[in-house]
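Laid out below as structure tokens are two forms of one and the same protein chain, each shown alone and named structure 1 and structure 2.
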Structure 1
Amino acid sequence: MTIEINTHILLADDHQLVIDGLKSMFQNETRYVISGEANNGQEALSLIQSDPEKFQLVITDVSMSHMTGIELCRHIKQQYPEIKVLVLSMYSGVSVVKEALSAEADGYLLKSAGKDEFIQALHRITDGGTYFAQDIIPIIYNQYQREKAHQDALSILTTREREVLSLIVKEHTSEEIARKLFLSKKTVDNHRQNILAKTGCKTTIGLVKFAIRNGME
């Protein structure tokens, strides 16, 4: 018998109508539990600080009073890196997306997305991957393409490590990479650690930025 582990979520948005709409999406999703809600970033951070183990995922708007969603994400990743953060926004501008990446957000989804994409993003993030809306991937790619300075940076990786990194960039989990490359999950995890060490990155988001910055698709 398989025991399903629930993911406890904190919703942060300064519009109650948005929070109510998000909550309605979870009515038939037994995997997720809404365990808290906040109307600004400071309130959300206070809820987390009062009980850090209560939440595994924070879904936050970008524009909020007292503390923006980006600032909230940055505080969470600095203090509680095990908590995942999905940023929701109406904006797909370069500056906002870049700030979210800099804050180490695990995902960025536009509020115009449908329920199916929203649930897909949740599955991807809670399974250890990342999710960025298709509409903003070109923005991310073009931005870091302009900033790349070391054309030969990927040469420090072996062929297999490049294959693993390419799949990480495409938001595959370790289990999925193992199946695609006919490897064990342990071997994939070892490759992931070697890639982190060689590139000087500390997180998966860091690896994504490294790969994009150096022209990997």
Structure 2
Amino acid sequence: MTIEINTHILLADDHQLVIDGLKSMFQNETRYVISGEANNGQEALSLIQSDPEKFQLVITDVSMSHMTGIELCRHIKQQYPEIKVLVLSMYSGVSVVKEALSAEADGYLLKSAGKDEFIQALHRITDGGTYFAQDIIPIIYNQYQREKAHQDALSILTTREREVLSLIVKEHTSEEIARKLFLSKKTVDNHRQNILAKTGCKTTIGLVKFAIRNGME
């Protein structure tokens, strides 16, 4: 005996064409049922609020009038965290993807995705997992990549200088650093001076930013 569980889906997209396309895509899928449609976020939210039990999953476009898919997602996750949200988009721009992630979307898919990928995404999400379009991983990772490239900047400093810098970043004064390292305050000040010169920074604030940028702390 197989237990047949239907997942009721709410589609939100301001292009009727997309909604129709998705509907035809799910025509033969018994597990997924399109139980509602909306042409903007506001409308979708109203539908959910009028019967919060009706939908288990929302598939929403990003760019919609009145309320974007991201905002819709945020609202849903705040008020009805048990409802899953799959965000659709034309693009895989880093900021949109990050927005979706920060809105706690369960998935992010490009509109160019085929039926197989759609079904796979829905399977994963309804099973309590997440699904993100493959292309976005290198994109959201780019930032880290960039930082990593400049990692070696710290190597222009000597061991002692790195030690001092680390304590500076930890908000210790020259006097405290001197005590900690059993040095004269003057020595510490000289190290500071040298670190400033080597890194091309003008102030302690610059040093702190330099250190953080380069993975210290």
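Here the structure is a predicted model, which means the values were calculated and not measured. Note that the rigid core is defined as the largest set of C-alphas that superpose within 1.5 Å between two forms. Each residue is numbered by where it sits in the sequence of structure 1, with counting from 1.
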| property | result |
| --- | --- |
| Answer for which single form is the form predicted in complex with the DNA | 2 |
| Glu29 C-alpha moves between structure 1 and structure 2 by 2 Å or more, core aligned | no |
| C-alpha of Val208 moved at least 2 Å between structure 1 and structure 2 on rigid core | yes |
| Cα displacement of Leu11 between structure 1 and structure 2 reaching 2 Å, rigid core superposed | no |
| Core-fitted comparison between structure 1 and structure 2 - CA shift at Lys186, Å | 60.5 |
